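Presented as structure tokens, the chain that follows is alone, the form predicted on its own.
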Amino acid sequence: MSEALRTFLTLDLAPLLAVTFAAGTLALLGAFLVLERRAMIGDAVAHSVLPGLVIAFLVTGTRAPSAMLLGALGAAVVASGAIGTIGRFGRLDPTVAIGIVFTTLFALGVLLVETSGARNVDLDLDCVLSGQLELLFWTPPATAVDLLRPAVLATLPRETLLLGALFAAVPALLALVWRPLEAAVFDPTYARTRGTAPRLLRAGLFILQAAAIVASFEALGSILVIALLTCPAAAARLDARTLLGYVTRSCVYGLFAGVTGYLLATRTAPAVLGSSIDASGTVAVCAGTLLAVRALVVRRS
């Protein structure tokens, strides 16, 4: 194995896979948020994860994956319930309720980080905003042939393996309920007449979206999670004709932004600027640029 390949496997393989898996999953699920005009829900959940993580750490005293996942999912459920409650009883526009909830919970998370011992275990604001892709190191095997062994691949960082599992599971789960989900999205009344429960499907979809956000949060940070939930889907929405085409195109755009942004940050930037730049921020910029370019192309056509 050449030294260049070993260096790539050590420094870049795990974060590149992580951002690719996360980008595809978030863009795929974000397509439904954008289609239903609920993209700000994803923003709220992404910001609400922070207090859930800190509280889970304070209660359990550990950053074990199970504790962090439960804390983050609990915060996502609280955020969703608070948005519905404020909107219903406060007679406020849903976007106003979302703004109130996510800013309040995010501020609570910041205060908890500052006043507790959470910052001593990498729960700091830099990690919250831009993640820690650059910290996903991997010790590759001695020979290239060993890269094909499942036992060797199982030693990849926990974040990469979790995001890879989601990337495989989410399309499979959506495929199982595609027809009733399609009906529930476009015509809930018709879906009910066919024996489908639109609310149950939407609840299941929300759980998948929240799980993807929580799983991506630690590695990617809140800025990139929000960008990947919205920008690829918005770009795909400009000229999609069918739901399947729209969702597929959104996923492809997300994958493109993830891979391109990471390589620009870690390969192009050192050659041009002399050093690498923040990978999460670069991927977010690529996602936004992709949306802008697609909007210009569609407008001119």
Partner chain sequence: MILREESGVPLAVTALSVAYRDEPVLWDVNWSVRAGSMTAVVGPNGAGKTTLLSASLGLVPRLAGDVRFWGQPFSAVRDRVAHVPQRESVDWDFPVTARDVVRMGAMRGAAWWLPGWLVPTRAGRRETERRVEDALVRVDMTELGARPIGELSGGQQQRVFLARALAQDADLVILDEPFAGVDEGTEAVLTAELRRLAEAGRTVIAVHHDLGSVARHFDDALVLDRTVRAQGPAAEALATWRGDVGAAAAGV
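Everything quoted here is computed from the prediction, not taken from an experiment. Numbering follows the first chain given and starts at 1.
Although not depicted, the form predicted together with its partner chain is the subject of the following passage.
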| query | finding |
| --- | --- |
| Option touching its partner chain, based on a heavy atom within 4.5 Å in the predicted bound form, out of 197, 144, 77, 152 | 197 |
| The single option of 170, 136, 73, 201 touching its partner chain in the predicted bound form, heavy atom within 4.5 Å | 201 |
| Listed range touching its partner chain, judged in the predicted bound form by heavy atoms within 4.5 Å, from 158-166, 144-152, 202-210, 181-189 | 181-189 |
| Touches its partner chain in the predicted bound form: residue 66 (any heavy atom, 4.5 Å) | no |
| is_contact(residue 35, its partner chain) in the predicted bound form, heavy atom dist at most 4.5 Å | yes |
| Close approach of residue 246 to its partner chain in the predicted bound form, 4.5 Å, heavy atom | yes |
| 4.5 angstroms heavy atom contact with its partner chain in the predicted bound form for residue 55 | no |
| Members of 80-99 lying within 4.5 angstroms of its partner chain, judged by heavy atom, in the predicted bound form | 87, 88, 91 |
